[in-house]
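Read the single chain below, which is given as structure tokens and is the form predicted alone.
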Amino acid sequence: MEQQMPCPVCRTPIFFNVYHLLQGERFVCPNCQAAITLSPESHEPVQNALDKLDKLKQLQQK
């Protein structure tokens, strides 16, 4: 699931994959090289939100 967020340093869009972020991957700003990653305490809430999103998508397909 490809997403983007503004770099916290220079505001350039950083593109990232949520599932890769959950696996601990770091994503780097193409402009200033600042990196984003997910803190360990954020893994569970983000995973729970993705699970709920997947369930909603499945319900809509029925």
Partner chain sequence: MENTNANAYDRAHPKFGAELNIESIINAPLVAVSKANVTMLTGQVRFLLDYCFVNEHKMYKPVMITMTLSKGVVNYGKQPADAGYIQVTEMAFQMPLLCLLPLNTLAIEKVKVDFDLEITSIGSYKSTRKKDAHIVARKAVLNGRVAPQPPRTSKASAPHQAHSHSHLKVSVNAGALPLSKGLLTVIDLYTKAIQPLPQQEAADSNDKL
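None of these values were measured; they are calculated from a predicted model. Positions refer to the first chain, counted from 1.
Omitted from view is the form predicted in complex with its partner chain, to which the following refers.
Proximity of residue 42 to its partner chain in the predicted bound form: non-hydrogen atoms within 4.5 Å are present. Of the heavy atoms in residue 20, none are within 4.5 Å of its partner chain in the predicted bound form. For the stretch 9-43, the set of residues having any non-hydrogen atom within 4.5 angstroms of its partner chain in the predicted bound form comprises 9, 11, 16, 18, 19, 21, 26, 32, 33, 34, 35, 36, 37, 38, 39, 41, 42, in sequence order.
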